[in-house]
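Take a look at this single chain in structure tokens; it is the form predicted alone.
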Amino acid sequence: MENKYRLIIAYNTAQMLLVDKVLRTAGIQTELVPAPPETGTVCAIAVKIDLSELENSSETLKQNDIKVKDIIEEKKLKLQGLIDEKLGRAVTAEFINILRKIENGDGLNKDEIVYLLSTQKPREIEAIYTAADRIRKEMVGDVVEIRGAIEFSNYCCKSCNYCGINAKNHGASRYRMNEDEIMEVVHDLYKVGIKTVILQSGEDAQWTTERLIELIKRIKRETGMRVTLSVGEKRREEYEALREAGGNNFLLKIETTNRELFKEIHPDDDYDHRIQCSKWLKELGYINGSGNIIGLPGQTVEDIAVDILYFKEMGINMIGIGPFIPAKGTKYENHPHGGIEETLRAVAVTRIVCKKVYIPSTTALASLDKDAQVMALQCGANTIMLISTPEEYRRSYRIYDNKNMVDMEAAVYAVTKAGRKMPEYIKIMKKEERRMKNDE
């Protein structure tokens, strides 16, 4: 049976946004979704339309003199061989039915996702990880993306109860990097071949949107690197200005889609506004990032399942999933950390449900066990973020305790042990060379 959806593939992000705007203005329902890997386009997002609107959409684009790269059928990713006789009585009939849906590329409902997150049967867990790893290979390949993060300010106006740099934590040692300090690190990352720099901070009023715009323009002018922003909630016009300045990606984690739990951990935030911010980022053409925390006080498996469905329905492109780790000076400093196994399972199931997305093997996982970062790469993750904050500041960006400062050596270790590939663009510098460079 022919799929009832079509994907319009644009030549670039600007054209994709224009196509989406023109079609919506003409009354055609559209959805922005991750573009399939076979398109070979630098534009990571496609415009999805119903097959019944294909003729109308084509005519509308023609009338507006818009030529697109391609219009293709939205195809299911079908996998063969997930079900074999060896599973036998080691798995349930319900699990076999879920595997059949995964093999056929069908979507999973909440109950099925809960089952995958909850099962304790060893053969079922093994099959979940196998399915996630195969989907990862089909959708994003074997190369692990390496990105560098600069945590440029730990001042924050928010009072999030789980975060060690929240405004009420008077024990935090505050710092704020200036533009030249940031650019020095940017150039170091550029020299080793890093293609994307992540600018991350608390919601710091002194690092205004105007200052961020100038910083982004300077990064683009001096290095041409892609820029990911993780600077919190802003007005739509601010997101738009940052996008026009050259911001490519934006990470704004939902943390949890449970409204009550969201309010508990974010006492001065509004759930609906956070969702609206993510919608604005999507509309503006950012590669849109979100994510959740596994093991939050009061969180249930059902909550995590709803999170995963949210990522799918919102068309999130980057999904950060990490275990809860307590921080001193916060309401939850004595709460136990989230489990590694529960976090790995969430990574795997997110890959199965969301397919073509970037999923980091998070620093939080590495903070509990460096081999947990290896395991995440083996069950669906495909990205590692280097902590590139200068030595004199990095220990103060304490959103949680005992943070593992993942560097290039740690990334190479995880990628190699996981049997994956480093990007060809990375110029790996040996420890002795780095020491000599620092001594100069």
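Everything numeric here is computed off the predicted structure, so don't read it as measured data. The numbering used is simple: start at 1 and walk along the sequence shown.
What comes next is about the form predicted in complex with S-adenosylmethionine, which does not appear here.
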Check: Using 4.5 Å between non-hydrogen atoms, is residue 231 touching S-adenosylmethionine in the predicted complex?
Finding: yes
Notebook entry, point to check: Within a 4.5 Å heavy atom cut-off, is residue 341 in contact with S-adenosylmethionine in the predicted complex?
Noted result: no
Notebook entry, point to check: So in the predicted complex, does any heavy atom of residue 399 sit within 4.5 Å of S-adenosylmethionine?
Noted result: yes
Note to self: residue 293 versus S-adenosylmethionine, in the predicted complex: is there a non-hydrogen atom within 4.5 Å?
What the structure shows: yes
Notebook entry, point to check: Among the candidate residues 201, 278, 317, 249, which is the single one with a non-hydrogen atom no more than 4.5 Å from S-adenosylmethionine in the predicted complex?
Noted result: 201
Checklist line | S-adenosylmethionine: the contacting residue among 140, 287, 219, 163 in the predicted complex [heavy atom, 4.5 Å] | finding: 163
Notebook entry, point to check: Just one of 318-326, 171-179, 70-78, 352-360 has heavy atoms within 4.5 Å of S-adenosylmethionine in the predicted complex; which?
Noted result: 318-326
Notebook entry, point to check: Judged by heavy atom distances of 4.5 Å or less, which residues of 136-159 approach S-adenosylmethionine in the predicted complex?
Noted result: none
